[in-house]
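Below, in structure tokens: the form predicted on its own, a single chain.
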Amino acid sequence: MKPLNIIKVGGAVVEDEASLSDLLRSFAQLPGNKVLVHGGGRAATQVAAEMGIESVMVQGRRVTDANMLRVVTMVYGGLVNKNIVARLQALGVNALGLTGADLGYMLSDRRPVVDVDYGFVGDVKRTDASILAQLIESSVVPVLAPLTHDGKGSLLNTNADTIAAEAAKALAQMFDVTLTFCFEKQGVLLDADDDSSVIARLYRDDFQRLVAEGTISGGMIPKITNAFCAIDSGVKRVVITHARHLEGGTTIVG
């Protein structure tokens, strides 16, 4: 199978001009098949505040009522996605921006209410890898926004790490997939204030222990959980690293 790089870039990087420029240049220089998945949570929070809409986060995930759904649709599917697509085109990358509703490539169910009502948040039900593969084989570079659809006409806010992991899992049936999560740190850290404390290889048992101890918390928990799910589903390699370079960092070991 042909190699495929799926790069996920977080909102903190998207909103920092220098980091985003470095990341997009590095991404453009990657040879072969590739996909970019982006977040944009900080921009959504800022736009929501400007509109007088409160942002509520629970365990690193955004509670999305009807007003917030409008915000994230505008920010993720419009402002952030099309800005990235335009900049990649300027770097010679034939990029195409997509939400899960476009071509129906990613279908979700609205998350059921258990302890928390997350509102219009989607849990991925199905990914049509054949559609993405056709684009990739046609030398198109998909740029995936963190929005899916329910098949009934509604968009759903969906965690960008989940989008990346689900796309990687589906495409692993057709490609040798390397999934790289890029953010503002050097990797998964033992000490959040010490960039040199990178965990080079993170095993599942160590992850569970570090979460219990509080060393790993917040949005890093769903990121790493998605990484392990991807490994379990046939993704060849998962790395968490800094956006300024697409090497080094933390390798997730199943």
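Computed from a predicted structure; not experimentally measured. Throughout, we count residues from 1 along the sequence that is shown.
Not on display, but discussed next: the form predicted in complex with a further copy of the same chain.
Student: May I ask you to state whether E213 is within 4.5 Å of a further copy of the same chain in the model of the complex, using heavy atom distances?
Tutor: So E213 does not count as contacting a further copy of the same chain.
Student: So, in the model of the complex, is Q46 in contact with a further copy of the same chain at a 4.5 angstroms heavy atom limit?
Tutor: Judged by the heavy-atom cut-off of 4.5 Å, Q46 is in contact with a further copy of the same chain in the model of the complex.
Student: So, V177 and a further copy of the same chain: in the model of the complex, are they within 4.5 Å at any heavy atom pair?
Tutor: V177: no, not in contact with a further copy of the same chain in the model of the complex.
Student: Is T99 near a further copy of the same chain? Define near as a heavy atom within 4.5 Å, in the model of the complex.
Tutor: Yes, T99 lies within 4.5 Å of a further copy of the same chain in the model of the complex.
Student: Given the stretches 162 to 170, 179 to 187, 81 to 89, 111 to 119, which is the single one in contact with a further copy of the same chain in the model of the complex, using a heavy atom cutoff of 4.5 Å?
Tutor: Of the options given, it is 81 to 89.
Student: Go through D205, E50, E54, D191 and name the one with a heavy atom inside 4.5 Å of a further copy of the same chain in the model of the complex.
Tutor: Residue within 4.5 Å of the partner: E50.
Student: Taking P146, C229 and R237 as a possible spot, do all three reach a further copy of the same chain in the model of the complex with a heavy atom inside 4.5 Å?
Tutor: No, because P146, C229 and R237 lack any heavy atom that approaches a further copy of the same chain to within 4.5 Å in the model of the complex.
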